[in-house]
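Only one chain is shown below, in structure tokens, and it's the form predicted on its own.
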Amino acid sequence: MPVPLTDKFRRPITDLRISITDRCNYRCVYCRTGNEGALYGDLPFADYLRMARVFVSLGIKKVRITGGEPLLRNGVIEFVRELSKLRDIDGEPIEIALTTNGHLLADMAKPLKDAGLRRVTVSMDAVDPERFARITRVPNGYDNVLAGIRASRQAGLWPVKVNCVLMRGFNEDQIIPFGMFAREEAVTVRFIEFMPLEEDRKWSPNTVIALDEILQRMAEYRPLVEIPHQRSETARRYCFDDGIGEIGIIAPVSHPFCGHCSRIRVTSDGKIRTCLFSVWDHDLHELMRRGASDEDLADFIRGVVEKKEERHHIGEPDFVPASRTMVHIGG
């Protein structure tokens, strides 16, 4: 049996995130300047599928499709169908998930589910249409996203997760409304601390709404009770005191979880990134272009995983911003 991927810090690498485009139809203020658009381009789905197949042969158990906005790519449903045929090193089907802004999701949720998608995460940073438009800089998007969330729930893409990036001065007043939304819509709402990955490079610690503040504000509505989570999970998980509604908090700034990181990323142009905050890319697609065998690719991947960073350095004096911003990495 193949030896599963493990980095030099003995962390098993079991989760792969593949970005299939760095194009996006939204221009969210914490991500895009709105001017640059796509910088790196897309590859044929056959290339992403080959990369995924090699990664899975090395122990990957979960593949998340990201972007940019992945639903902009024609052929994404068939890509999910082909991914669903992959089996992990234990002979089990891999888990396939997708992160989307939800704008195009309503009509695609059921076909994606039928193709083999297990779960969907929708980015949504306000439950007020006007605030939503201000953050995304797209008018009339809120209704589309809400319809996509509801269609995903009806299609059985369970649990439906809704990610909200909190930024002071933009949407900190949405914490309690999102708590109500989680209960009313039967979704898991996950708050994410704002990270320095935006194109404007204007991040500062003062813009971060940290985990403890989120808990304090939500307690003004209803108490939260922490529930168990896997050590490699990005979110700390909570339910309301009456058991109705789940909240997650992803706190890479105030409560880093690097010590149990199980993730590796491939960008839309075929570069491996070992951390969101990497300052290097590792060009897997160039090897493919030169005619490398699958074993050559596997050896390259093992060598890259060996270089995975121990942790990020957000907020520290020696912090160096990532070499790409989030939209050009893949969430």
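These numbers were taken from a predicted model, which means no experiment stands behind them. All residue numbers are counted from 1 along the displayed sequence.
One more form of this protein, predicted in complex with a small molecule, exists but is not displayed; see below.
Exercise. With the partner left out here, if you bring back the small molecule in the predicted complex, are Ala126, Gly179 and Val208 all within 4.5 Å of it by some heavy atom?
Worked result: No: none of Ala126, Gly179 and Val208 comes within 4.5 Å of the small molecule in the predicted complex.
Exercise. Exactly one stretch in 94-102, 143-151, 229-237, 170-178 has heavy atoms within 4.5 Å of the small molecule in the predicted complex; which is it?
Worked result: That would be stretch 94-102.
For this session: Report the residue, out of Val76, Leu157, Ile192, Met108, that has at least one non-hydrogen atom within 4.5 angstroms of the small molecule in the predicted complex.
Result: Exactly one listed residue reaches within 4.5 Å, namely Ile192.
Exercise. Within 4.5 Å of the small molecule in the predicted complex, heavy atoms considered, which of Val187, Ile214, Leu83, Val165?
Worked result: Contact with the small molecule in the predicted complex is made by Val165 alone.
For this session: Report whether the minimum heavy atom distance between Asp269 and the small molecule in the predicted complex is within 4.5 Å.
Result: Residue-level check for Asp269: no, no contact with the small molecule.
For this session: Mark Ile18 yes when one of its heavy atoms lies within 4.5 Å of a heavy atom of the small molecule in the predicted complex, and no otherwise.
Result: No, Ile18 is distant from the partner.
Exercise. So, in the predicted complex, is Met326 in contact with the small molecule at a 4.5 angstroms heavy atom limit?
Worked result: Contact check for Met326: yes, within 4.5 Å of the small molecule in the predicted complex.
Exercise. Might Glu69 be said to contact the small molecule in the predicted complex, defining contact as any heavy atom within 4.5 Å?
Worked result: Yes, Glu69 sits close enough to the small molecule in the predicted complex that at least one of its heavy atoms falls within 4.5 Å.
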